[in-house]
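Given as structure tokens, the chain that follows is alone and in the form predicted on its own.
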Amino acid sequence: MTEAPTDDPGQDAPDVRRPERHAVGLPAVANSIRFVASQAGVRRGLPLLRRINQVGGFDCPGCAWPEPEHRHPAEFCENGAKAVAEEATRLRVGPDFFAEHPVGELAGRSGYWLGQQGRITHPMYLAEGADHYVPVEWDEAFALIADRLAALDDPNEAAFYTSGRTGNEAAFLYQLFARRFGTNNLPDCSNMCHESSGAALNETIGIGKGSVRLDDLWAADLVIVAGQNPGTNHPRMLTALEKAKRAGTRIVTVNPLPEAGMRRFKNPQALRGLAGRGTELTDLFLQIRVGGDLALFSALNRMLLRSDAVDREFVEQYTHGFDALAEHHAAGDDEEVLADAVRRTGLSREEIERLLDMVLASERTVVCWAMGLTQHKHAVPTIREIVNLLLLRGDIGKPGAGVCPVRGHSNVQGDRTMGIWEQMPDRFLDALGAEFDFAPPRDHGYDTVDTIRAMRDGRVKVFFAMGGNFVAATPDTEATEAAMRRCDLTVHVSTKLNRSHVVTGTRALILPALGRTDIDVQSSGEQFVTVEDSMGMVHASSGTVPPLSDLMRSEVAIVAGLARKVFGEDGVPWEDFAADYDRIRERIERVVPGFDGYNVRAREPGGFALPHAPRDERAFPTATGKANFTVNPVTSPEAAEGRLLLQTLRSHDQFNTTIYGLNDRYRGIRNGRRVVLVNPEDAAELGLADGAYCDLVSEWGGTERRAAHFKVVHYPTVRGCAAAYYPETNVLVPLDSVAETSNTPTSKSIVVRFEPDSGA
């Protein structure tokens, strides 16, 4: 049996090499097999690779990229293999582990070390004043939670967080539990990532989801990938982009950093990828200044209007607000506006004009984006401006065109569909109340940032997390940890250890959950769950390996068991729901639009597509009844002399806050994570030698935050900007620095200065 690591490896002395100019190929295949074998073993782990993202198998617990209709036998990526290996590991974290390690010691370990210890096998309880977690029976754990909830003065003193990996069935029961308890405090990981996308899309096209399917990418004339690194964050997207490129699609990459995956892709599913040079994906690379995307798309739209390249028929029939947009772009001097766009973007005039030419030559354009656009103060206006571009060209509601926000967690979009949102519309609450014969609360609840503020201020006393790693994922680490410690009770439904288990309230519980790979057997037999991908496809997921402990419970069983303890006999058949997930899907069908025939359709190979009115009918369920143009004054983040704009990002060896290893192969970083990537010219001006160590100090609103002991790496970032990995740099993100409208933390535009290493 594989031994868990006993030493916590240093992460601040990495070996730095030349960045790679291509992604995937044979190294990714070899690394996937090696990682799975080391974590889960050959007999347990390798057969799982044949079941990832396959009909009758399980949905990858990593990203939300959709599966094609005709699936390759190896329909997974390197990071997907790592996610599966981590979940299917043979290592166990049980009572003996917690008896050996006091919480104070665990709090001094890195998130990487904690995650490498194995699967949590028993419910564990940390009593008030205790040094160690101790095992607790499930009924006692539920009673502890029920007692603390009953002691609250107001239901809004509890918050119920959700990670994107929670399946549809558990998510639906979870939000029902919270609302029957009397609160809409349902923060989730969407609040920290694509909330800006949802806010902008709901306002402009009437639905907060992307409007494209995989077939649209392959039929597009032009695909613009902005603020996204598919090679690390959504590697299977590279396969779709390669198919599009070979069909004649032109691809534009808009990013402050050159990323290997968008340069050249060596597809491991094809001989040309394993033995040949692979496929050059990007036709035009726009190395944009951090936060300059609004200026770019605004300038592009102004030039489109000047070129009279507008689909007038579409605009007149399907849109509202065109005259206001045209008037906005008619104001001012064209040369001055373009010069301002050049300054804000860091691009040349020629580069912007080349992009314009490509848009003009395209009859079908798709724009894809991710966190690089959504985590800025002006994120919502930026995405509204992208919608303006597509509306001007009539590129929503026709094949090969549309908006494509690329989600992170594999069911984060499905959780929102199921009601995990602090401000669900009245039509959902009406249907939920009618189905379960109660009056759901109507006041909007706390999102993630507001939950932290409420815990800080003593207004939330019980924090319950369905999955995730809240402490490590959220901004302003010191403020978040202090807020968590003010709670009376913190509860985490988890598969593996993470930082949130060692930064606790007065009392704390860890409840061990089944994962996607685990076989889920309830009293009526083996169960499956459903998930929704980034493009609105709903499909089944069935685990294939026996759980490591019979004390692990499914998320559905955990919610149902807690509900029985809290509510008693309240008319909701919680026990029936836990016994047979078909019973939950029957209720979802009656509450959530688009799920007609849910149980039948969920069993169909490949699942089914949810309706999307803008895509399917060119119908726009907005306040005006049409797609809305918006006016978005241009702005961008600025850094004073001697400062840079820092963006947080992932390494290739991580998924969100889960650290698989200490390498970032494509960027040339090995055996370490505390690095800051700085343009050599900026580094020379700031006196930052390659390989030197420094502290990063963020400046915002007259306050400062410090991340100590980072190694400077000279790297081809855009001038004026730097990059470093999260969660190590989340400490630099101010809690109150958020996007307008969406309240999303501004993790992609942090003003920092560099100081001598305080740890030297």
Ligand SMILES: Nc1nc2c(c(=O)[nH]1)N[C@H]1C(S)=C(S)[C@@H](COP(=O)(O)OP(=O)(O)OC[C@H]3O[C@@H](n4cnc5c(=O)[nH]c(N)nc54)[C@H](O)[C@@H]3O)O[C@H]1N2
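One rule holds for the numbers: they count along the sequence shown, beginning at 1. Because the structure is predicted, anything quoted here is derived from the model rather than measured.
The discussion below concerns the form predicted together with the ligand, not included here.
Q: For N498, is any heavy atom within 4.5 Å of the ligand in the predicted bound form, or not?
A: Contact check for N498: yes, within 4.5 Å of the ligand in the predicted bound form.
Q: Does the ligand come within 4.5 Å of any heavy atom of E555 in the predicted bound form?
A: Contact with the ligand, yes.
Q: Would you check, heavy atoms only and a 4.5 Å threshold, whether W113 touches the ligand in the predicted bound form?
A: Residue-level check for W113: no, no contact with the ligand.
Q: Mark N411 yes when one of its heavy atoms lies within 4.5 Å of a heavy atom of the ligand in the predicted bound form, and no otherwise.
A: Judged by the heavy-atom cut-off of 4.5 Å, N411 is well away from the ligand in the predicted bound form.
Q: Only one of 594-602, 284-292, 168-176, 335-343 gets a heavy atom within 4.5 Å of the ligand in the predicted bound form; which is it?
A: Looking at the other structure, the answer is 284-292.
Q: So the ligand isn't shown here. In the predicted bound form, which residue out of T183, S534, S494, T490 has a non-hydrogen atom within 4.5 Å of it?
A: Looking at the other structure, the residue within range turns out to be S494.
Q: Tell me, which of N301, T417, Q527, S163 has a heavy atom within 4.5 angstroms of the ligand in the predicted bound form?
A: Exactly one residue meets the criterion: S163.
Q: Please state whether all three residues S197, N628 and S742 have a non-hydrogen atom within 4.5 angstroms of the ligand in the predicted bound form.
A: Not a single residue of the candidate spot has a heavy atom within 4.5 Å of the ligand in the predicted bound form.
Q: Within 4.5 Å of the ligand in the predicted bound form, which residues of 114-137 have a heavy atom? Give them in sequence order, or say none.
A: Stretch hits: zero.
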